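As a starting point, one isolated chain is supplied in structure tokens, in the form predicted on its own.
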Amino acid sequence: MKIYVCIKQVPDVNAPLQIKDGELIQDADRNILNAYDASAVEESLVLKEAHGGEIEVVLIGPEKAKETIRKALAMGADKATHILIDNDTAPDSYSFASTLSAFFKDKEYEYIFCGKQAQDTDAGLTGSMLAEFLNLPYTTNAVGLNLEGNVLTVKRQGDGGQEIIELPSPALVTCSNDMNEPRIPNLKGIMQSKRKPVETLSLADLGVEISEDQIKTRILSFEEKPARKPGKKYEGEPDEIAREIAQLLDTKENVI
């Protein structure tokens, strides 16, 4: 069984940040493996331990993202592919998905796992777009996986409760960070990760480019979240307060 896991390096959301002149300024040295992708890696490892197979992680990012790749390898992934882009290149969901589809077009696999979204943008679109580009059956926001034979049973969290979906292979699944607790690499895993193969590809190797025309989503500026208006405090006897609030709800719209 071959499983690919698409991972992303993201800024540490717990690192200091500030907004200045419409720009988001973050600690550039604090980058981590996206938490949702870490859950996808963990779930692939659980399936491998139960059924055997090979796990390869794929990352699109600059040179410094190799540290994030090594984290996934230290967890237990077997190999990796690094699709190298410049530091100044800022892909959106569409350009990520189209680039990954070029990578996967001649690959054989049973499953592709992605995190359901990235911590830096929370867009949650790349996995679905990639499945569409590759014409794969897929499901999103998985919170549990069970493999029997060639059928992957996915428990996903929907808006109105949990749903159970069966997927044939090949297929794509986006994983929630609620599905497991990703393992922390031990010393042995860290040492082994340094010897695991990492193939580096350029966009030219894939026959693609991330141009301004490809990027469909642009962030124009950042601004602080507006302060919440203070609530109104009612004082007096409980019966009087209840009548006043009931009258308020009856006469004014959009109170709640």
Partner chain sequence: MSTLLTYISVTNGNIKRSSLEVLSRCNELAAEHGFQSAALIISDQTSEAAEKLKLHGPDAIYTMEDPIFKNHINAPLLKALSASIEQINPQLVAFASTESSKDILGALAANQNAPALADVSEFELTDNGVKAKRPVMASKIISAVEAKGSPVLLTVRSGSYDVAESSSDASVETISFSFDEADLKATLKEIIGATGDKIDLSEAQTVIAAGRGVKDDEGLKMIDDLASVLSAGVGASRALTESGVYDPSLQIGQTGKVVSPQLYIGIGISGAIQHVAGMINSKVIVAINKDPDAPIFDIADYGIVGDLYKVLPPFIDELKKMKSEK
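Quantities reported herein were computed from a predicted structural model and do not represent experimental measurements. Residue numbers count along the first chain shown, from 1.
The form predicted together with its partner chain is left out here; the points below concern that form.
By the criterion of a heavy atom within 4.5 Å, Asn150 is excluded from the residues contacting its partner chain in the predicted complex. Its partner chain in the predicted complex is approached by Ile219, whose closest heavy atom lies within 4.5 angstroms of it.
Contact annotation: Phe104 falls outside 4.5 Å of its partner chain in the predicted complex, judged by heavy atom distances. Among heavy atoms of Glu163, some come within 4.5 Å of its partner chain in the predicted complex.
A heavy atom within 4.5 Å of its partner chain in the predicted complex is found for exactly one of Ile83, Met129, Leu145, Ala74: Met129. Using a 4.5 Å cut-off on any heavy atom, the one residue of 76-113 that reaches its partner chain in the predicted complex is Tyr94.
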